[in-house]
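Only one chain is shown below, in C-alpha cells, and it's the form predicted on its own.
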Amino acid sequence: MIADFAQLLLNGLLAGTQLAVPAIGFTAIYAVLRFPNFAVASHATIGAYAGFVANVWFGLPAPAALLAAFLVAGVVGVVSDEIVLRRLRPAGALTVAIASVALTIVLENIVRFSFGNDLRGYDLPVLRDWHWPMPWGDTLRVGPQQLENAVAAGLAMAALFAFLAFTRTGKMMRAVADNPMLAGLKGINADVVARLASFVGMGLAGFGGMLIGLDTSIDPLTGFRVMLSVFAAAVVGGLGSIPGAVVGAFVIGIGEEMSVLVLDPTYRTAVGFVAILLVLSLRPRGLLGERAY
C-alpha cells in the first residue's frame, strides 16, 4: 500500500508539472482578455502535430520540435483570435467562451482532415524505466521521458515567470491584467497586449500538447482529452493567477493519480469535476485568488 501510494504520488507530481504548462496558458489568456478560451484544447493538439512534423518529417530533435510547437500554436492562436473571437468580445465573456468551443471543433477537424485519425508517435528512442530503491524495500519507477518532460515544463514556466517579472513587455501584460483602464491611461496598447497574451497562452498550450504526446501518442483529440483537467487546474488555482495555475495543476495531477486507489481508472477524469465543484462552493476565487502574480 505504501509503495502504491508513493508511486502514484510521484506520477501525480510529474503529471502536474506537465499539466501546468497549458493551464498557465489558459489562465494567462483569461487574465488579460477576461474570458475562458476553451480553444486551448485545439491549440494543444495543433502544437502536438507541429512538433510531430518538426521531429518526424524534418528530423529536428525534441527541444527544437517543442519550440516549433510553441511558435506554431501561438501564431495560430493569434490568427484565430483575430478572425473569430475578437469581434465577439463586445457581446460578453459567455458569448466568446461559447464561440471558443465552436472554434475548437473547427480546428480539431482541420487537423483530422490533414493528418487522419491514426495514432502517431514521435521519433524518439524507447528507454526502459528507471528504478529507485526505497527504504521499505520496494522500488519507484519513472520513465526517462517523464523526467525530460518535467524538466522541459519547468524551463518553460521559469522562462514565462522571468518574462513577466523582468521584461517591459511582461510588465505591460501584468498591468493590463490588473487594471485595463489604468493601463490604458498609462499609454499601454491593450490590443497589442491582447495579441501577445493569445500568442503566449496558445503557444504554451501547444508546448503542453507536445509534452503530452511525448509521454503517450497523439491524435486529433489529444487536447480535448486534457481540457477538463486544464480548466480544473486553472479554477482550483484561481482564474487569472499564473502561480495558482501551477498549484492547481499539481492538485489535479496528484488527485487524478491518487483516485485510482479507490476508483476505476476510467473515472479519474471525475476528479476535475469534483475539484471545480468544491472550489466554486467553498472558495470561488480559487486557492491563490484572482490575478495573483
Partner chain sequence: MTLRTSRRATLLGGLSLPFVSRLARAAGEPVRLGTLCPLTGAGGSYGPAMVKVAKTIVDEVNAAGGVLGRQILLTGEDDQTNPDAGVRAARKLIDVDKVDAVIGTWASSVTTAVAPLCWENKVMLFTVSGADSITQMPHKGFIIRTQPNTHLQGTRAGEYLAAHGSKKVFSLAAQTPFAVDGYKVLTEALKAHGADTVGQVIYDQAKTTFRTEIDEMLKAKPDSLYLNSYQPDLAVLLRELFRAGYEGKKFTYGYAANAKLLGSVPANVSDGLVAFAPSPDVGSPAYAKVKAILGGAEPDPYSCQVHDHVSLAVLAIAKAGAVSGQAIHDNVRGVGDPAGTKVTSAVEGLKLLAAGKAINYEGASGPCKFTPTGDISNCKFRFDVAEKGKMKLLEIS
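Numbering follows the first chain given and starts at 1. Just so we're clear, the structure is a prediction, and the values are computed from it rather than from any experiment.
The discussion below concerns the form predicted in complex with its partner chain, not included here.
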{"property": "Contact label in the predicted bound form: residue 118 to its partner chain, heavy atom within 4.5 Å", "result": "yes"}
{"property": "Its partner chain contact at residue 112 in the predicted bound form, heavy atom, 4.5 Å", "result": "no"}
{"property": "Interface membership of residue 53, its partner chain in the predicted bound form, 4.5 Å heavy atom rule", "result": "no"}
{"property": "Contact test in the predicted bound form: residue 288 vs its partner chain, heavy atoms, 4.5 Å", "result": "no"}
{"property": "Answer option from 188, 105, 98, 142, heavy atom within 4.5 Å of its partner chain in the predicted bound form", "result": "142"}
{"property": "Single option in 176, 76, 153, 214 placed near its partner chain in the predicted bound form, where near means a heavy atom within 4.5 Å", "result": "214"}
{"property": "Stretch in contact in the predicted bound form with its partner chain, which is absent here, among 120 to 128, 168 to 176, 154 to 162, 79 to 87 (heavy atoms within 4.5 Å)", "result": "120 to 128"}
{"property": "Residues of stretch 227 to 260 in contact with its partner chain in the predicted bound form (4.5 Å, non-hydrogen atom)", "result": "229, 256, 257, 260"}
